[in-house]
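Only one chain is shown below, in structure tokens, and it's the form predicted on its own.
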């Protein structure tokens, strides 16, 4: 077989292989899009073709039964074409406007809300949590489910002042890149790993454990006559690198692990340059299965912003306008010592943008 005839399943397929015919036809020649109603958009091409998209919210973790239901809906109304967004929404792609309402009715009958476009909350992008992550400080799917249940009306409507993006990371160091969301729910560890000295030397390579620590907090030690390691608490940043290479250094701690809340981040460059989120609530204990304290805090922040922000004003822009003291006062969040940035290199995190405004 010649090189040109070789078939392989290595790597992703060519990007345009599964595109709908209308997208292939008008690739690169789309003019604009309009929001027709919550969850429904129309995309207009130079050729005059119209592509309608219907967005519904889904959990990140889907059963095969739900995926088959989505495929059945896509086969019935969309010629089999759908796509998943980066925030775990599913979008159905139609060319026949008359099929939009029947499609929405079928999706809602399956139990999935339609919305998430325009001035609304989109689905919460999140990490793996207790389902799969070995170093999670909190759950992901459980927290997200409860928060979105409380905010679902803001997904199905477009009554918020601006876009609202929420993200969750179950610990800071492994998947903690949630700092560009209006609200970030971040799992935190507060204690260094618990070392099982009796078995460490039998199941772990001590040089590898020492080398795995990015802050040099781990050093070899002889404990109770056994070769092991010791941890300098002052240097530990709870990253779980040591646990990754050594199961005898457990970081998960049911009593001390919990959740922090951060606010004010955004990726877009509209009206204001991109912003990193800042600490709002240093610690909320894990309280599964409903996490009522986390839900109450997030809903309170969203409600205060929604009632006081100007049109199209994102969370961080609103806070910047009213000031942080006023934010804490309006939300009822207590200001604590943890809100003070006393890091010796704090200057590196100060505003250094070259963004120009006229």
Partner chain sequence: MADGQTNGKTPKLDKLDKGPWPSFVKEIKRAAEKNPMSKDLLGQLELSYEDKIGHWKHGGIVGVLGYGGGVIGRYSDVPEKFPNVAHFHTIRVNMPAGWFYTSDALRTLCDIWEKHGSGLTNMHGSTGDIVFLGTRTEQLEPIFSELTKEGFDLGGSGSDVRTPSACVGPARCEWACYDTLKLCYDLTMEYQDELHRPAFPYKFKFKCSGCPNDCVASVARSDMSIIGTWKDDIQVDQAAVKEYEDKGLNIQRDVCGNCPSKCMDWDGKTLEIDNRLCVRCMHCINAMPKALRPGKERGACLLLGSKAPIVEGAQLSSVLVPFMKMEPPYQELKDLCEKIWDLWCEEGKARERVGEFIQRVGLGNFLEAIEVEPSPYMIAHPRDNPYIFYEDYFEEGDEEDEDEDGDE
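Numbering follows the first chain given and starts at 1. For clarity, every value in this text was computed on a predicted model and none was experimentally measured.
Heads up, the form predicted together with the partner chain isn't pictured, but that's what we're talking about next.
Looking at residue 344, you'd find a heavy atom of it within 4.5 angstroms of the partner chain in the predicted complex.
A residue is said to contact a partner when one of its heavy atoms sits within 4.5 Å of a partner heavy atom; residue 68 meets this definition for the partner chain in the predicted complex. Proximity of residue 64 to the partner chain in the predicted complex falls within the 4.5 Å heavy atom cutoff. Taking the partner from elsewhere, residue 149 is found to have a heavy atom lying within 4.5 Å of the partner chain in the predicted complex. Contact here is defined as any heavy atom lying within 4.5 Å of the partner chain in the predicted complex, and by that definition each of 134, 180 and 245 is a contact residue. 41 is the sole member of 330, 41, 309, 295 with a non-hydrogen atom lying within 4.5 angstroms of the partner chain in the predicted complex.
In summary, among the residues 299, 31, 36, 322, the only one with a non-hydrogen atom within 4.5 Å of the partner chain in the predicted complex is 31. Contacts between stretch 236-269 and the partner chain, counted in the predicted complex as any heavy atom lying within 4.5 Å, involve 239, 241, 243, 244, 245, 247, 252, 253, 254, 267, 268, 269, listed in sequence order.
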